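Encoded as structure tokens, the following chain is the form predicted on its own, with no partner shown.
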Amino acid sequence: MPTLRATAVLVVAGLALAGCGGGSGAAKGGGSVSYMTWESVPTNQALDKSMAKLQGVTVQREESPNADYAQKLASLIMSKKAPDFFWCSNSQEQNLAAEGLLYDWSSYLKKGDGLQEDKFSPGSLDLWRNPEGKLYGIPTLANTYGFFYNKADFDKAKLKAPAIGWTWDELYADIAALRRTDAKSTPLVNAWALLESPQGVSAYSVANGGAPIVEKPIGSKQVQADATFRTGAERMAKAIKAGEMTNPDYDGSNAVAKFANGGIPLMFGGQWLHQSITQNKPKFEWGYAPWPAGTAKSVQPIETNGVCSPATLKDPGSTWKVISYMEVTGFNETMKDQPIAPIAYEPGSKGYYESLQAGDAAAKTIAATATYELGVKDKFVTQFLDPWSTPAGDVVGTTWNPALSGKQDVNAGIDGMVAGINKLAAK
């Protein structure tokens, strides 16, 4: 089960949450810590097995089916019964922190007792600090995004399969050639909307020497679209119009099954789809490649989920001990059993990579791509994180998406998006 697909739907910020407490599972003198995840049953079972080994603290996981996680968390916070720590998305953490509802872990991280600041993957901690530098969440499972390819289709079109170091020019040349080979197919299908989002085109812009859509991921008061960004958008709109890739409103819910059955040459999505593809037992050689490089540099995504605690946490010492154990030992053991995602705290990723390296050739490409993307210095954020991010989604849906889909002029759509979001950010 993906760890970050729930990110965009975890909407609990903005509720009347003032004064929420530590909840029924708050740690007591004897060291009892409760937590809640949005993971699948197999992943939770693997995590339970590892957490049970922790000595000196009793750890209790509260049940929360993945599909109902957001609703349950909102209810627990409103009733002042939030667990001692809980899975939270990056944007959710920023919003809840702005309302004064989360515990600040800054002092614990500075102590170096348990987790070492310099062992988090580059840039990952920065996204969990508020504009004043306080740390209201600890990044855990990291996501990578890339391109699942059907090597047989690339061979048929006499193309090299995508690999680390391929370029944006090669991407567009490839999907044009794949379209010529099979004029009835759409070569590039999006199982996740990031590629055709403003953030995805921002990645193109920076990789080719342009500016990002936001100057800084936290505390930004405006968005921008320079000439390189506009070139990237026009290039994407042209490919969509030519039938070489799906449009921003495409429903990719069936894309994985179609890819696994040999119906899609190139599918964009996150590394967690590896497990679903494997379960479908594809009968062709396939693999996973990172974002293309530009003429200026390689720019790769940075995105993590994390854990947050209520502001009135009663036993931060025990809770910090459990979080530290989970990052180092719990995730290593869990991800070795259920290889869903690498961990932002790098010592916790060993189990994930061991599992993939013991797998087939496709699994090894997942490991290689994840290692590459997390290690690249130049990153782009995959979503807006500031308080205006939620209404900004509506602006994107009514300006940006129609423009890329060919329903209105591209530059007019970009102008509308920029003006609409900047109006929200200025409030």
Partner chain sequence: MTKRHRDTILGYLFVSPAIIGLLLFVAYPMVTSLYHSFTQWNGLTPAKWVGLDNYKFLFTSDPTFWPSLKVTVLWVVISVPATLAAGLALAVVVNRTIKGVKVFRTIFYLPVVLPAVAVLTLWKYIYDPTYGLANQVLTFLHLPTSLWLGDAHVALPAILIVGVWSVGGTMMIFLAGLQAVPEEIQEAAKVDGANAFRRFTRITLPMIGPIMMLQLMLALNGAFQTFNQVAILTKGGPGHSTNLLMYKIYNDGFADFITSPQLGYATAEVWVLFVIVMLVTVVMLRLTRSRVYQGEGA
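Positions refer to the first chain, counted from 1. Everything quoted here is computed from the prediction, not taken from an experiment.
FYI, the form predicted together with its partner chain isn't displayed, but the following is about it.
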Exercise. Go through 201-209, 323-331, 348-356, 72-80 and give me the stretch that gets within 4.5 Å of its partner chain in the predicted complex, heavy atoms only.
Key: 72-80
Quiz item: Hey, in the predicted complex, is Asp113 touching its partner chain, heavy atoms inside 4.5 Å?
Solution: no
Quiz item: Though only this chain appears here, would Glu234 touch its partner chain in the predicted complex if you measure heavy atom gaps against 4.5 Å?
Solution: no
Exercise. Using the partner position in the predicted complex, report whether Gly375 sits within 4.5 Å of its partner chain, counting heavy atoms only.
Key: no
Quiz item: Looking in the predicted complex, any heavy atom of Ala425 within 4.5 Å of its partner chain?
Solution: no
Quiz item: Among Leu96, Ala225, Ala341, Leu171, which has any heavy atom within 4.5 Å of its partner chain in the predicted complex?
Solution: Leu96
Quiz prompt | The single option of Ala257, Ala296, Ala163, Ala242 touching its partner chain in the predicted complex, heavy atom within 4.5 Å | solution = Ala257
Quiz item: Are all three residues Gln92, Asp249 and Ser389 in contact with its partner chain in the predicted complex, where contact means a non-hydrogen atom within 4.5 Å?
Solution: yes
Exercise. Check each residue of 387-416 against its partner chain in the predicted complex and list those with a heavy atom within 4.5 Å, in sequence order.
Key: Ser389, Thr390, Pro391, Asp394, Val395, Gly397, Thr398
